[in-house]
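Read the single chain below, which is given as structure tokens and is the form predicted on its own.
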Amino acid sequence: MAKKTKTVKSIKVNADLCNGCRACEMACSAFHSEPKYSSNNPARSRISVIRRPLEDIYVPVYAGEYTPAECLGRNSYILDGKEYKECEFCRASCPSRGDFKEPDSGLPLKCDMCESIPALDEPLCVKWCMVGALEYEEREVEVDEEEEQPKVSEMELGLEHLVDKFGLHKVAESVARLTKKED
């Protein structure tokens, strides 16, 4: 089996350093607004700080892959004597919670590491984290070429969600109306 290398980008979170300032959320939501930096709505952020100020616990969690179904794992974790549900630290956008979903359309959000042209050195949440709780990492990993599955494009995923929510007829009408505007 042929092997190839792939660059994996990730953000390492050190919850012990996070002070709950939410600068990461603000930077992310401003970067992803349309047009860029025109507004600031943390509900559109691809990173969220789980806050428990009375217990002095702050955990940044960035958005991962969309999952069309709820997971079966309803595990609990105990940190500093307090019990937390697994969902609180989950990175997925799923049907059972409202986290990491576009507030207007309900479409799932996923961290894209602030990809842009020209490319940034690191995601803005990492850049604006003044306490060093977020650290950007890139590493090379070997993967089998045959094991890589084709990913569903973001557009297809969005269209599927819109069809589920509004029906195929309404989506087709909207696409036809938008097509006429471009002519």
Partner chain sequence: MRYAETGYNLEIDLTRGSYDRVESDVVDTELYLGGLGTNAKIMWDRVPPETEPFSEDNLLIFSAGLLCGTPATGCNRTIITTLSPQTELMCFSMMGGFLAPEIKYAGYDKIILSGKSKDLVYIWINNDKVEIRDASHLKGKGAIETSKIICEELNEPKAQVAAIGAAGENRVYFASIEQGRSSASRGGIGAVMGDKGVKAIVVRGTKDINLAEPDRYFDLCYEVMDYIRFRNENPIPNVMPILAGLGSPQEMKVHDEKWHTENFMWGNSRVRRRDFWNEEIAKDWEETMNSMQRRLISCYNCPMTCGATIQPPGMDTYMMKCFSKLTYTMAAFSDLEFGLGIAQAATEHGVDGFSAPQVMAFALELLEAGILKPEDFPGLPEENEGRFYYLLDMIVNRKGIGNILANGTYWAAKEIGNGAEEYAHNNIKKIEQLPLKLGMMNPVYFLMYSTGEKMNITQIEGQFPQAPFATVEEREAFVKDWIQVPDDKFKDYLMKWEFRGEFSNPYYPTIDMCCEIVDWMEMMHYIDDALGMCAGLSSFPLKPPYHIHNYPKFIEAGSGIPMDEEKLTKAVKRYRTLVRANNIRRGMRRADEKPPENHWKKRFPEYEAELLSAYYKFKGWNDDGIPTEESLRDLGLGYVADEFLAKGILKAGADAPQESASE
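Numbering follows the first chain given and starts at 1. The structure displayed is predicted, hence computed values, not measured ones.
A second form of this protein, the form predicted together with the partner chain, is not displayed here; the remarks below concern that form.
Site residues N19, R44 and S48 are all in contact with the partner chain in the predicted bound form, judged by any heavy atom within 4.5 Å. You can rule out all but one of 153-161, 110-118, 31-39, 62-70: in the predicted bound form, only 31-39 has residues with a heavy atom within 4.5 Å of the partner chain. Using a 4.5 angstroms limit between non-hydrogen atoms, Y136 is distant from the partner chain in the predicted bound form. Remark: D56 counts among the residues lining the partner chain in the predicted bound form, judged by a heavy atom distance of 4.5 Å or less.
The closest non-hydrogen atom of M130 lies within 4.5 Å of the partner chain in the predicted bound form. In the predicted bound form, the partner chain sits beyond 4.5 Å of every heavy atom of V13.
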